[in-house]
Structure formats: C-alpha cells, structure tokens
Ligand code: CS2
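One chain comes next, on its own, written as structure tokens: the form predicted on its own.
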Amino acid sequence: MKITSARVIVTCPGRNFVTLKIGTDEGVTGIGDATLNGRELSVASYLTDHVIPCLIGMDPQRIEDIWQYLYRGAYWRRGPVTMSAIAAVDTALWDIKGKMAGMPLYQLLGGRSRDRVLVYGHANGRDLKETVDAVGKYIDMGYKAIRAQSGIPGIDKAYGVGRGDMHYEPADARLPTNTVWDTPKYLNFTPRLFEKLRDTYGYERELLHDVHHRLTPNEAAQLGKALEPFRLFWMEDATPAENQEAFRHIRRHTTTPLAVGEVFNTIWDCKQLIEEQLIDYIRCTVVHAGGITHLRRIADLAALYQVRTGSHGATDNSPVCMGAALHFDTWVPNFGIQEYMRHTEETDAVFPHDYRFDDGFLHCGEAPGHGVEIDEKLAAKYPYDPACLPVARLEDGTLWNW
C-alpha cells in the first residue's frame, strides 16, 4: 500500500480551517486537521512545500515510522507550525488505518475506557447578570460542566466574551486589534462572579474558568485561593507556562485544580508540570501536539502522576480534530473532560460527522476511522478570509499576554 496523493484544503465556513487529505493506491483516503488560529497559511505552506513531497510513495500503514521521520528527521523540531503539520498527517493516517480495518479509531487504540465523554460548554456575558443567565441556558441544554467568562467592570472587550451566544471566535480582523487589560479589576471581580453562580445554581454543576495566561504566579495564587470556596472544576492557564517552575508557587498556595496546555506542542512542554504534579489536567490537543501518536505519549506520562486529560476543543479546531479527539477521549484511561465549543451550521455542513451531543456528553460514532469527512465542493464555496487574534495591552500601553 502506498500514498499516491496528498493535498491541503483551506476553507472558511465562518472561520478558517486547514485540512490535509491523503490518498492511497487502494482508493482509501484519510483527512487530518492542520488549523493554527491566525497562522493557517503557515501550516498550509509547510505541508505543501516540505511534507507532502516526502509522503508520496510511503506506506500509510507505518504511522509510527512516518511520525518519527517528520519529527526526528527534521533538524528544526517542535513549534506550533511543525507539530500542527505532523498532527494533520498523523490523524489522516489513523483515519486510513481505521477504514482499512473497518473499525472506529477508538477500537484501534485499545477499545473503550468509557461509554461517553463529559464535555464543557462556554457561557459568557457582557456583565455579571448576563453571564449568570448564560450559565442557566447551558444548564437547560443539559450541560453538566460549564466554563464561565464575564465582562469586567472598567475593562472593554474582556477575554472570553464572544460576539454571539454559541460560537465564540476571537480572531476578529485582518490585522491584530488592541484590547485593554487591568489585573486588579479582574481579581476583584472574578470571585464575585463565581459566588453569584454558586448562590444561583448551587454545587451540582461543574464550573470552570480560563485566566488565559494573564496573571503572574503570585496573582494566580491569590485568585486560586479566593476561588476555593466555590469549588471550581479547574482554573485554566493561570500564568504563562513557558516557565514550568512558576506553577510551584501557585500549587503551594491554593487547592483549586489547575489546568494548562492548549498551546503546548510536545511532551517537553509539560514534562516538569506533570512529573512534579504541579497541574491536575493537561490540555494538549490532537491538532497542535503532533496528532494521536504523540498525544498518547503525553497522556501515558500524565497517567503515572494522576494527571488527567482535558483537551482544548475551541472552534479553531475543526470537526476533524474534534472527531479524532473524541475517539482518543473514549479510549484514554486517564480522561478528565473535553472542551466542546459548537461549530456553525456552515462548518458542520462542510465537515459531516457522526459524533453527537446528548445530555452533557459527546458520543463518538462507529464509522471506520475517526468518522469525519469533508465536502470539498461545499468547502470551495468558502474561500480563505485572513483573520488575526487581538493583542492585549495594559492601560498604560504595555503589551500583555493574550
């Protein structure tokens, strides 16, 4: 069996997605997600110019060997562009292997560890009342776990407050726009938000919150301590994790569970965090962490230290990534939770899939492979539309962490 074709499909049914489609001499095809929010064409070029020419003639069944070839065989390793490209190849090859075997992907990984996958949705509002109401709407939709983000008095365009009720997309302009950040205002307001949510809805539902790298380690420790009475499922991305040791300080001062990792690309980005048990959930995802092959290694390391998975699942991950992630979640023994932001109707039409939401859980399908396809004719009707993520600055103009 040989790879005879591979090509990149870029489409924008509401937001930009990059998809790799691999074909074989036996007529079996597979697809993988290569989307990197705001840098989509960088990955498309990496695939087209550097990866695809190497794939032609290779045996698609040799998934591990091809992964090693694309990672260890390159002098320039790691990084979001390289690892997203490798992830697309890896996901497409697992899709092909599943179709050849006539089995859903989770079966190839070792079978089910659970019957369904707990997911959390995003509830946000421009102010406290609107956010409390939004959480209620997600409860009405059946969600057992909900991430809450709110506009903050005195801060315009706070992180996590989207432009619509269901489909949050932060990339908002062809060139980066400026938003303003104020840490003291955020620290004063956020505990009030979760106090109100618990007073309104009690403790039956799980609540999550994303800090989005905005705090110093000491500020993060203060926030975690202040949120302890409200029993959060996790506090996400409390401080930039390039300095993994920074989480030691946070860990010493709060028992609020910590999650991090959506911007990680390899096991090396989280090795210390996991081995020193400085986090509770690792959030690496299929598309940005080298595909299923590498994400398995991260999860296996995490399992040794009782760290659970909580993979990123925002709308910048296409349904192809979500489909693959759900098969991974169904198998992985140390699963924690899966982020689930719903795609637009246009996106779902371009990427028909067999996973489904029911009563707070997602269920992967039983179709061979990862169960997601691409309608190329429909995809062609949505041309690439450049969009960048905003930047954050303090009130004095200092550039801050996005």
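Numbers follow the displayed sequence, beginning with 1. Everything quoted here is computed from the prediction, not taken from an experiment.
Heads up, the form predicted in complex with D-mannonic acid isn't pictured, but that's what we're talking about next.
A.B. asks: To test your reading of this chain, name the stretch in 51 to 59, 333 to 341, 372 to 380, 352 to 360 whose heavy atoms come within 4.5 Å of D-mannonic acid in the predicted bound form.
C.D. replies: Partner-contacting stretch among the options: 333 to 341.
A.B. asks: Looking at Leu109, Ala314, Val180, Val132, which is the one with a non-hydrogen atom within 4.5 Å of D-mannonic acid in the predicted bound form?
C.D. replies: Selected option: Ala314.
A.B. asks: Using 4.5 Å between non-hydrogen atoms, is Leu389 touching D-mannonic acid in the predicted bound form?
C.D. replies: Although D-mannonic acid is absent here, Leu389 would touch it in the predicted bound form, with heavy atoms inside 4.5 Å.
A.B. asks: Give a yes or no for Asn37: in the predicted bound form, does one of its heavy atoms lie within 4.5 Å of a heavy atom belonging to D-mannonic acid?
C.D. replies: Yes, contact at 4.5 Å.
A.B. asks: For Glu206, is any heavy atom within 4.5 Å of D-mannonic acid in the predicted bound form, or not?
C.D. replies: Because no heavy atom of Glu206 falls inside 4.5 Å of D-mannonic acid in the predicted bound form, the answer is no.
A.B. asks: Flag Phe264 as yes or no: does it have a non-hydrogen atom within 4.5 angstroms of any non-hydrogen atom of D-mannonic acid in the predicted bound form?
C.D. replies: Answer no; every heavy atom of Phe264 is more than 4.5 Å from D-mannonic acid in the predicted bound form.
A.B. asks: Could you tell me if all three of His122, Tyr159 and His212 have a heavy atom no more than 4.5 Å from D-mannonic acid in the predicted bound form?
C.D. replies: Every residue of the spot touches D-mannonic acid in the predicted bound form.
A.B. asks: Select from 229 to 253 the residues with a non-hydrogen atom within 4.5 Å of D-mannonic acid in the predicted bound form and write them out in sequence order.
C.D. replies: Contacting residue: only Glu236.
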